[in-house]
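First, one chain by itself in structure tokens, the form predicted alone.
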């Protein structure tokens, strides 16, 4: 029998993340979207929750908590319920820290992890997505070729969060183009590395408060020791599964935010003397939205639970991510429809959530549990 009953600790973590999302993230979301800047105090307070530092071993300055994909998915949903852009920003250091923690060498862990075991937020970044319409994580156009004691990386990346602030970026490249996902490696590249160019900040339709950048790598040379795992190979399939679980969980959070706002509005807004929530068309729409949210969350937790058991979750995470991309967009769009003309103006946040929800269909690898 499958059970998704949360432990007392997970419930406490969920409640803490939910309270932070409502009290700190949500009030800052609209201004951050308009200005493109996230308040430093919100980032600092989020860091205090141990979103990254919690899983770092005590020997590197962390808290040494057991890492759980289910718990990570719960936190990701709650933070995105507050605001997707702020959630992605605060969790971005995981993109570097967790792969190094899970698959790096002892030297790589000693070099990277202590940075995230401090009391202050430290930016971290990973570069996976490429600026081409046929982008496929298992067939990267970014190539890394061995040249003596070094690797030379050539290619382009886009939608790289916090790239201009991160001291180090984990760049994914194909070391063996014929091997699919098995041929993908990660390379720890310093921001100032010769051959690496970071473009101007991207201007996105949604997640406007999140700083994302395009990278160009031309004859970017790094030492062999920069290869994640130093030649032992990485489990790129697992890294992608963890990322897709995180993105699907965040999509659930965005959808839930849109649904709850629309439900409250429908109960308060009256037409012909009665709340519009009593109208069959609106009631059925809200019911369908609620069903989609619960269905998406179950897919997320199923994939996350397989990861926690050490099992392959490639299929489950892919299903969760694809379903979440569609369902969150549908729910957010329905929320705009429930509000009618009010849904299209900035006075209400549903238009922002619709723009943010659209990102899930095109983004990959910018979050992890």
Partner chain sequence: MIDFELEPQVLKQVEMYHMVAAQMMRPISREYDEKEHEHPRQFWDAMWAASQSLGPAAREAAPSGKDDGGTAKLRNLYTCLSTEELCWGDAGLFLSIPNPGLGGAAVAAAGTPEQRERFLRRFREGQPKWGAMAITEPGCGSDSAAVTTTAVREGDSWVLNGTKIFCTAGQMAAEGSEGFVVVWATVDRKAGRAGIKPFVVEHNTSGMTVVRVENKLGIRASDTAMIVLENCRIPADHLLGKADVKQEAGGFKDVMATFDATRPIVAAMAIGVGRAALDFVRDFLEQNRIPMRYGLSPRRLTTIERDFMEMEVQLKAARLLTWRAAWMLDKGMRNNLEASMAKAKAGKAVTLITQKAVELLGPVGYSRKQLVEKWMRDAKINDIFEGTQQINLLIIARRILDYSSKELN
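Positions refer to the first chain, counted from 1. Nothing here was measured: the structure is a model prediction, and the numbers come from that model.
What comes next is about the form predicted together with its partner chain, which does not appear here.
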ask   = Of the residues 205, 287, 271, 149, which one places a heavy atom within 4.5 Å of its partner chain in the predicted complex?
value = 287
ask   = Which one of 214, 292, 102, 185 is close to its partner chain in the predicted complex, taking close to mean a heavy atom within 4.5 Å?
value = 292
inquiry  = Under a 4.5 Å heavy atom criterion, is residue 190 part of the interface with its partner chain in the predicted complex?
reply    = no
key: is_contact(residue 259, its partner chain) in the predicted complex, heavy atom dist at most 4.5 Å   = yes
query = For residue 230, is any heavy atom within 4.5 Å of its partner chain in the predicted complex, or not?
reply = no
ask   = Hey, in the predicted complex, is residue 120 touching its partner chain, heavy atoms inside 4.5 Å?
value = no
ask   = Any chance all of 23, 67 and 141 sit within 4.5 Å of its partner chain in the predicted complex, going by non-hydrogen atoms?
value = no
task = Can you check 310-318, 335-343, 30-38, 57-65 and let me know which stretch has heavy atoms within 4.5 Å of its partner chain in the predicted complex?
result = 310-318
inquiry  = With the partner left out here, which residues of 255-277 have a non-hydrogen atom within 4.5 Å of its partner chain in the predicted complex?
reply    = 259, 263, 267, 275, 277
